[in-house]
Structure formats: structure tokens, C-alpha cells
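Heads up, the chain below is alone and in the form predicted on its own; it's given as C-alpha cells.
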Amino acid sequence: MGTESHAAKWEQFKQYVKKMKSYEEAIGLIYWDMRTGAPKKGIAARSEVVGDLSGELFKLSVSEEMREFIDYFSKPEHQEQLSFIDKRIVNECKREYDRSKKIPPERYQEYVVLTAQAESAWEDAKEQSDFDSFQPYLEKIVEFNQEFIELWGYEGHKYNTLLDMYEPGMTVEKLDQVFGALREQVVPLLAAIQASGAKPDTGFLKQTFDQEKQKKFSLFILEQMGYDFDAGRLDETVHPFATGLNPGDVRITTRYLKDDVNSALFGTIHEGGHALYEQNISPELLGTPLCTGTSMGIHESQSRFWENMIGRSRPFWSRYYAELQANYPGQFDGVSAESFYLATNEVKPSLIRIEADELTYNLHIMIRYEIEKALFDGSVKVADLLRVWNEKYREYLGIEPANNGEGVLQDVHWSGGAFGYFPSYALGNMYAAQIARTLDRELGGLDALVAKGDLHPIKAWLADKIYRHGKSLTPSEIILEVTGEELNPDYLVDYLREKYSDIYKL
């Protein structure tokens, strides 16, 4: 075939892929609506709509036409004519095709309808602390995933197949190693903190905080971070999330608690970190499967970096505390910026993952990781989850849930079938610490910029090094290119030890 027909074929392929992205965007918008305010009575019918659209998208991804495109552009003589980005587009479509082709389309559509309904059922179950009502949904979701793993195939542990969907190349063997190393360091550090006499005063945090004022301050901080409100919006939901429809429409949500000034603020900063990533992907990737984050681990590195390494830092509160005081007149009189900083970094084993401090947060992830591994090697059944969950919390954190809403039902992920996702959060913390070390060196001091409220150079550096690439580079390529080495958990351990030794006078 000549160059001209090759170019025409590529244009056809691009249009085909763009059509798939249009379906994805429509489905994403419906999901956002279902989780931010769709009427309860509409959920069942809306779930069917999501199922139909997802079924059509699935058929496009495994069609004969897609197979022909992949075969044609995978030939060495045609690969030669493709740019680096174009080759990655073909690779991504092939990866999706090879995986999806093994799933019968009608089974996939059933699964999508089930998870859409399960998310709504989970909301009710969480609110009423009623695991029994959610258990049948979860059992079916796990059964589907077991079936899919057998169809996809697996190497080593069955769970590896699920991990790879969120963090390409990640395995149980690697995770056991990095989590083991992290746990060895975190547990003794936690024990030393609990034995320390230097406890931050947190009494002034126990007040009632007006929701509108919480929202106003959240919006202010998002603006400071460089979140583009012409390309996004902030809404309220049960469980905070970000959804990137395209770089020009990246929506985030948060949750306001009347007796907690920090929940909405740090939830907003966290989701804002995800949103900055999606808003700053290169325009040349628009309409392609590369127009998203490279992996959930790298994505979480950004949300955790902004939430913790920026938002919970001393320089951040030395700069923004006066604005916080002004936002809540009279509520923080006589409380210094240093006292507020110490209070927001209190280390205290808690039941709720999204409200956990930086140190114990990783233990919450390890609990979920071990439970998910056990679910898929068959050593734990869904019916055992209540017992296993509570045992793990006693073992790891020395506490036990008073009810299932603050226990096994607290996270939305399993209702959507997102098994293999949780490890991304701890990986994100590790990536974030490693990236922060390089950023600090290259920008001549991260703390100095934050103390001035000059957050835009930080965002610009991250956009150049990470965000703009979307999914065109793999997680390991990103971390190697940005920091010069593979993922190394030592950076996170050093960061945690340095920060908390200072706070707790160890």
C-alpha cells in the first residue's frame, strides 16, 4: 500500500477511535449524574441506559473492523510510518482488544448494569450500615470478576490480572515486597508516635462549620492550585471523586461534614490533584485512548502530592492560615498557624480511610489489598468480609468499627467492581514522595514556593513532566524519566520519618 492509502487508513482509524471516546464521555457524564443528584427512582432505568451504551462501546472495541485496523498498523512496514504517539495509540487499542475479545459481549453488558445498580445499593447500605442488603450485589460482582480472570488468563496469582488493569506491570510479588518494606518502617514509627508525650492540641477543630463557608474556602484553594473553572466544576457527593470527560470538562466532588473543617478541604485538594492532571493533558491526545492518566498509581501520586505534601505542609498553613481564619470569623481566634498545622497532622489510628492521617493511611490500603488478594485466591468469601475486615483493623490499627458503615461499607470501589484499585493509593504515596524530591531540587525549593503561595510553577513543572503525556508513557517510563530511578519506597519512608519526628519530637 502507498503512503497516501496508509494516511487515509490512519484517518479512518482515528475517526473510529474518536467515536469510541464519544461513547466513553457520554457514559462518564451519566455516571457523574447518577452520583451527584439523579433521582433515586431513575437509577434502575439509567443503569440500563449505561449498560446499553457500554455494550455498544464494548462491541466497537472488539469488532472485526478494530481487528483489521490493529493487524494493519501492527505490521512492521506500517509501524515505520507511525509517530511515537501513533504507535502508542495502536498498542493501547490492541491491549484493550486482546483483553475484551475474551469476554462475551452479553456478559459484559450484564456486568455493567449490575455495577451501576450496585453503586446506588451501596449508598443506601452505607447510610443504613446494612451489609446484608449489599452482600448479594457484591457476591455477584466478585463472581463476575472470577469468571473474567479465567477468561483473560493470569500468571502467578489470579489478582495480578486485576492489578495490571490499574497499574500496568504491577504484580502481587512486587507489591508484597514494597508493602512489606513500608510496613516494617511504618509500624515502629507509629508505636514511637503513640508513646510520645508531644501530642498536638486538636480541641479547636471540634466545632460546627458552616457548609457554605466550607465550599467558599474549598473553591479558593482550588483556584490557588490552578484548577481551571472554565474546564470543570465542584459538586457535593457521598464519596468524593473526580471525573475527566475530556481536558475541557473535568469535574470534581467533595463531601461537607458540619463538624469537620478538614474533610471537605482535603477531599477537595485531593480531587483537585486528579483534576489538574486531566485538565493539562496535551491537546494532541484529545479523542484518543491516551487522553487520560497513565495509571491509577501515577494519578493517585498527584492527588496525594497536592493533598498531603502541599496541603498538609507547614509552609502551606503559614501562607493560607490567615485566609482560613477570615473565612470562619471568630472560630480560630487565639489559634496559631503552627497549632493548626500540628492539629491537621495528628497521627491517630482511625476507621475511615479517606480521613486517615498520612502515616496510618498506608495501613488502610494494606488491609484492603490483603482482603482483595484473599477474595480472589478463594481463601475468603464475601460472607466472611465483616469478620475479616474487623480482625484486620484490630491487627493493624488496634481499633474496630462500631458499625458496618464505618467498616466494610465505607468505600465505593467494590460496588463498581474496582478490585485491584486500592494498592494505587499507597503506590501513589510512594511515587509522590519520589517525584517531590526531584521537583524540590529542580525548582530550587518546594517549601519556599508554597510559603509564598506561588503554586503555579509547581503545577507547570508537573504538567510538563507528567500531565501532558497522558497515557503515552507507561508508569515506569514516567517515574524513570522524571526521577532517574525506578519506584523506590525509601523516599516515602524518609519523608514520613522526617515530618513526624519533627511533629512528635521523636
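Please read these numbers as outputs of a predicted model, since none were measured by experiment. So that there is no doubt, residue numbering starts at 1 and follows the sequence shown.
Beyond what is shown, the protein has a form predicted in complex with another copy of the chain; the following relates to that form.
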property: 4.5 angstroms heavy atom contact with another copy of the chain in the predicted complex for residue 494; result: no
property: Another copy of the chain contact in the predicted complex: residue 368, any heavy atom under 4.5 Å; result: no
property: Touches another copy of the chain in the predicted complex: residue 46 (any heavy atom, 4.5 Å); result: yes
property: Contact of residue 22 with another copy of the chain in the predicted complex (heavy atom, 4.5 Å); result: yes
property: One residue of 462, 30, 70, 449 in contact with another copy of the chain, assessed in the predicted complex (non-hydrogen atom, 4.5 angstroms); result: 30
property: Selected contact from 456, 437, 468, 59, since only one has a non-hydrogen atom within 4.5 angstroms of another copy of the chain in the predicted complex; result: 59
property: Answer range among 217-225, 102-110, 345-353, 242-250 for contact with another copy of the chain, defined in the predicted complex as heavy atoms within 4.5 Å; result: 242-250
property: Contact set, 38-55 vs another copy of the chain in the predicted complex - heavy atom within 4.5 angstroms; result: 38, 39, 40, 41, 42, 45, 46, 48, 49, 52, 53
